[in-house]
Ligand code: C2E
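Next up: a single chain in structure tokens, the form predicted on its own.
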Amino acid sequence: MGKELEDALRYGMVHPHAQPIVDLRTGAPLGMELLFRTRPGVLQGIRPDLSINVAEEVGLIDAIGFEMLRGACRLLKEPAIAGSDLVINVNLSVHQLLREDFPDEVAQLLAAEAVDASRICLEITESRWLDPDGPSRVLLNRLVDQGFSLALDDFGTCYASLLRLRSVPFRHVKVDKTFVQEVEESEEAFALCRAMFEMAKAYGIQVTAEGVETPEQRRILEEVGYIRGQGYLFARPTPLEETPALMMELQRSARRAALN
């Protein structure tokens, strides 16, 4: 698979998709997450998350990460996106956090594309490798100083969540879909979703529920206090060229709903 990934990058076959992040109360778009995909026929039948794991193993994760950032820059230049306050989330690998020159390279890319860092939120997956006392913390602070916001992804799936919220300048956390998709049937999942929301709220951090798939999940999350949600209930990941139209349609639907 490593050779296929290398060829996809070399021949322009990486095809990022975007999935909206919406206001649970209205359905209006608040932003979107960029997701790694390849064009049809490439990596056939291989899950995207497995592709990312392989990319890390064979040393291609930097190239994929920058391709995703370039995709975010292209999208931010689309008139329907450029004229809005939508923020694009791009996933950041822990491997990238171990490279001291990474913030400088990202800054150069955004300068060349004439894109403001404040329009991009970097998502970091919660991991035991994200040592709050290690070099990654210094790098994260450098990225924040450049204007990026940070989101802690898959919140709740690893240890020491509270410690990470206290020690790293995250502005957002994303509650893992494992909890969200069990919130209807499981009292434990409901209690955990509520506890994670209250924990983040106590630190002034915005919370997004990932993997929202049913109206009942949405209703329960709203009752807990969640405002931001992401999942198939609102939209599936969409190719970048179709994303501006999707965002405009979500905005129109929210306005129509507000009038009813």
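Just so we're clear, the structure is a prediction, and the values are computed from it rather than from any experiment. Throughout, we count residues from 1 along the sequence that is shown.
Just so you know, the form predicted in complex with this ligand exists too; it's not on screen, but the next bit is about it.
- Message: Taking this ligand as it sits in the model of the complex, is Gln19 in contact with it (heavy atom to heavy atom, 4.5 Å or less)?
- Response: Yes, Gln19 sits close enough to this ligand in the model of the complex that at least one of its heavy atoms falls within 4.5 Å.
- Message: Check Arg142 for me: does it contact this ligand in the model of the complex (non-hydrogen atoms, 4.5 angstroms)?
- Response: No, Arg142 is distant from the partner.
- Non-hydrogen atom contact Phe36 with this ligand in the model of the complex at 4.5 angstroms: It does: once this ligand is placed as it appears in the model of the complex, Phe36 has a heavy atom within 4.5 Å of it.
- Query: Given that the partner is absent here, does Arg137 sit within 4.5 Å of this ligand in the model of the complex, heavy atoms only?
  - Reply: Contact with this ligand, no.
- Would you mind picking out the stretch of 71 to 79, 186 to 194, 84 to 92, 101 to 109 that comes within 4.5 angstroms of this ligand in the model of the complex, counting non-hydrogen atoms? Comparing against this ligand in the model of the complex, the contact stretch is 84 to 92.
- Task: Answer with one of Glu57, Glu213, Glu222, Glu198: the residue that has a non-hydrogen atom within 4.5 Å of this ligand in the model of the complex.
- Result: It is Glu213 that has a heavy atom within 4.5 Å of the partner.
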